[in-house]
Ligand SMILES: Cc1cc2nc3c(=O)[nH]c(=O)nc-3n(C[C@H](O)[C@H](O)[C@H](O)COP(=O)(O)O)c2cc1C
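In the block that follows, a single chain appears as structure tokens, in the form predicted on its own.
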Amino acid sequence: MVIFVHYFKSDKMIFYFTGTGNSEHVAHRLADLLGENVKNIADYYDTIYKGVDIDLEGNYLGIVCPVHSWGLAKPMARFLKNCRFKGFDNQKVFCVVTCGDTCGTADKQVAELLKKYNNIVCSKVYSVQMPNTYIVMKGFGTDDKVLADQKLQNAEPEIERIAEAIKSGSDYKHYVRGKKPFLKGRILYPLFMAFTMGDKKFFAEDGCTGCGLCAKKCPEKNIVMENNRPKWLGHCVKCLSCIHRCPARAIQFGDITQDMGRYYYRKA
């Protein structure tokens, strides 16, 4: 049973989770277009397992996060389960998921979590395609620069269309479910969450400079610096912030990522 002992009053009505910056960018662009503020759910990490009450203010309740294996990134699913939104007064509720390709049943998952734990109906779920970042499994990888740049270019007008649809209440829909969504979202996603979250294969090569950026940027506080090298603490969520943001390309995952590309969102 979750006992709610932490209370926050917030005017930040768009809550986001990010690993490599794609969802952070989308959240901030939506906030600018909708006249709202944003809140990184990583700021709640120290209290979220004990339960958090959040007093809502503003015109919108927005959720923005990446798709991980055709479902919600684990930290966002945990956030929606362990927080309680207080003062809900029929704000417009929406979710935008960022994906490299397709989204599976992430839309159904966020709607179910909001309804079950806060009795809130999510009116719309949208998707925005952004560059691929999953590189810790063979057969996957980052997009080449041409494709990544094209995705980023296409994302901007899509974000604007989504913001306009949210404001106007139009029937505009943009959610790329992909093929076999039930198989991917209801079977592969739970397996992914159950069996691929470990961090034992992460390590830093000799090229590590000890800058500590990986520890600073880890949204799960899963990395500490020990003897000037990163040490993973065992509660990784595979956001891959550490491996993509390392300025020395020194962080690797087993023998898979040495020749893989790296990506994180950089402002133009």
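These figures come from a predicted structure and were not determined experimentally. Numbering starts at 1 and runs along the sequence shown.
The same protein also has a form predicted in complex with the named molecule, omitted here; what follows describes it.
- For the options Val67, Ile63, Leu30, Ile223, the one in contact with the named molecule in the predicted bound form, meaning a heavy atom within 4.5 Å, is Val67.
- Screening Asp149, Glu112, Asp101, Glu160 for any heavy atom within 4.5 Å of the named molecule in the predicted bound form leaves a single hit, Asp101.
- Across the options 114-122, 127-135, 164-172, 88-96, residues that bring heavy atoms within 4.5 Å of the named molecule in the predicted bound form belong to 127-135.
- Although the partner is absent here, Phe15 lies well away from the named molecule in the predicted bound form, with no heavy atom inside 4.5 Å.
- A residue is said to contact a partner when one of its heavy atoms sits within 4.5 Å of a partner heavy atom; Cys242 fails this definition for the named molecule in the predicted bound form, lying far away.
- In the predicted bound form, the named molecule sits within 4.5 Å of a heavy atom of Lys238.
- Residues from 182-198 that approach the named molecule in the predicted bound form with a non-hydrogen atom within 4.5 Å are limited to Phe192.
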